[in-house]
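Quick setup: one chain, the form predicted on its own, written in structure tokens, and binding and motion questions come after.
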Amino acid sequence: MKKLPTQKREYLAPPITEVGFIGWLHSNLFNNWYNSLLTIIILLLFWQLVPPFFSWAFINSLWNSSAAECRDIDGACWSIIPRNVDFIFFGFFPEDQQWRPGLAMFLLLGMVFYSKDRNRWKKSLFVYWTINLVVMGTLMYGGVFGMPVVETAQWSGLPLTFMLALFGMVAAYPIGVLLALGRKSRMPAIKTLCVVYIEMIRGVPLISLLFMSSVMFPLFLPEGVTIDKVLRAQAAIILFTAAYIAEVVRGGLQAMPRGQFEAADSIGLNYSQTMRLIILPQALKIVIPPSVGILLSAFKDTSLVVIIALYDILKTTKVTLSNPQWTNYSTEAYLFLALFYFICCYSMSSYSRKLEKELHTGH
């Protein structure tokens, strides 16, 4: 059999406008005339705004000077942060005891980072958290090992913000899951109670719940009985966040196909086993993005406690600005706060994306 001659093929390289950095620019920023025009306008705006801001924030700025020295410069006075960092972070906590909330926050953040690994989600992790919380409470309140007692009215700044946010999110999520299950229940009494609670809480702003917990709730207590203001604010945040989590989880439960329930029935699982082993793991995985959105809002909403005279990090910063020496540097102070909230929120959002990717099964 005669062998056919092979033909030599020439492979041409793709156009330079389709590959590499130039290709990315062409496909994303200059792929048509209006995108090209919009890109040029935005670049011109950046050219007008970024260099002056960079000069103000870094070149002509002072980072560790007195307020008097800042009056003679054209740049930012970042000195307001290091010169008042003790009060901004720890508020009215006694100055000679500020190592206690600092150590408590270090332990708290350490446990948060330790808990990020899903391989550590075991019963022992609950024990570690329990021990850590007891140590944190001992450090903050004192009264043992020679540490003087510090009342919760003096807990302020960063420790108060982290405690309200973290405990609010951790406690609200399981309560929200239970409310969602109750709203999907076939028992009319439980379903009605859950519906009334969820719709009533979602129908009022968080500020109203904080006012209720701070002003009206003590009026219903027996004479001589008081509940700490921080605990009341914490309860209001938990109850408010749980109602929104419940609706998000209910959406995940409704997304479960009927076949999942029928498969559980076919292998003899009861309601509790079906929810715990089959339905909830899938539903909670589906609703990770909206759940994180609710939790991020809850973290930022902790700044609303300023209206009931609790000094979180926002309030301690505002008190710092009330000092006549630092009144003119509110821009720097609020930019610092914005960066703080951005770092915290971005860290939670980034971890949620990582967790969602780990739990993705390709279905």
Partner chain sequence: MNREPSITTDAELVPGTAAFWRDPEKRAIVFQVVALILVAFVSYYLYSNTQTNLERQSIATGFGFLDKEAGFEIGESVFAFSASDSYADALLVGALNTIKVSFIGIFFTVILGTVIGVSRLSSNWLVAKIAAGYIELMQNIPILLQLFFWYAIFYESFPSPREALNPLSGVFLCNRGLVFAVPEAHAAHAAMGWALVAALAISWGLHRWGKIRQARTGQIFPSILVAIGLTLTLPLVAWLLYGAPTGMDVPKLNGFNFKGGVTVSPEFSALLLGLVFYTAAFVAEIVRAGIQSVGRGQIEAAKAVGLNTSQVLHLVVLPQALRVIIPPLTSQLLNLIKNSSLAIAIGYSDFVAITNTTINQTGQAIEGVALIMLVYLFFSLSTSLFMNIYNKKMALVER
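Throughout, rigid core stands for the largest set of C-alpha atoms superposing within 1.5 Å between the two forms. Positions refer to the first chain, counted from 1. Given the structure is predicted, the values throughout are model-derived calculations rather than measurements.
One more form of this protein exists, namely the form predicted together with the partner chain; it is left out here, but the text below deals with it.
Since the chain is shown here on its own, which stretch among 286-294, 78-86, 174-182, 212-220 would lie within 4.5 Å of the partner chain in the predicted complex, judged by heavy atoms?
Contact-bearing stretch, as computed: 212-220.
Going by heavy atom distances of 4.5 angstroms or less, which of Met147, Ala235, Ile207, Leu166 would be at the interface with the partner chain in the predicted complex?
It is Ile207 that has a heavy atom within 4.5 Å of the partner.
Exactly one of Gln325, Ser61, Ser303, Ser65 has a non-hydrogen atom within 4.5 Å of the partner chain in the predicted complex; which residue is it?
Spelling it out, the residue with a heavy atom inside the cut-off is Ser303.
Given that the partner is absent here, does Lys116 sit within 4.5 Å of the partner chain in the predicted complex, heavy atoms only?
No, Lys116 is distant from the partner.
Could you tell me if Ile190 has a non-hydrogen atom within 4.5 Å of the partner chain in the predicted complex?
Heavy-atom contact with the partner chain at 4.5 Å: present for Ile190.
Would you classify Asp74 as touching the partner chain in the predicted complex, given a 4.5 Å non-hydrogen atom cut-off?
Judged by the heavy-atom cut-off of 4.5 Å, Asp74 is well away from the partner chain in the predicted complex.
Whether Tyr346 contacts the partner chain in the predicted complex should be assessed with a 4.5 Å heavy atom distance threshold; does it?
Close contact exists here: in the predicted complex, Tyr346 approaches the partner chain to within 4.5 Å, heavy atoms only.
Superposing on the rigid core, do we see a C-alpha displacement of 2 Å or more at Cys344 between this form and the one not shown?
No, because once the rigid core is superposed, the C-alpha of Cys344 moves less than 2 Å between this form and the one not shown.
Does Asn64 shift between this form and the one not shown by 2 angstroms or more at the C-alpha, the core having been superposed?
Comparing the forms between this form and the one not shown, which are aligned on their rigid core, Asn64 does not shift its C-alpha by 2 Å or more.
Has the Cα of Gly142 moved 2 Å or more between this form and the one not shown, judged after a core fit?
No, the C-alpha position differs by under 2 Å between this form and the one not shown.
Look at the CA atoms of Trp121 and Gly293: state whether they lie closer or farther apart in the predicted complex than in this form, given a difference of 3 Å or more.
Closer together, which means the C-alphas of Trp121 and Gly293 are at least 3 Å nearer in the predicted complex.
Can you confirm the direction of the Cα distance change for Val292 and Val134 in the predicted complex, closer or farther than in this form, given it is 3 Å or more?
Closer, not farther.
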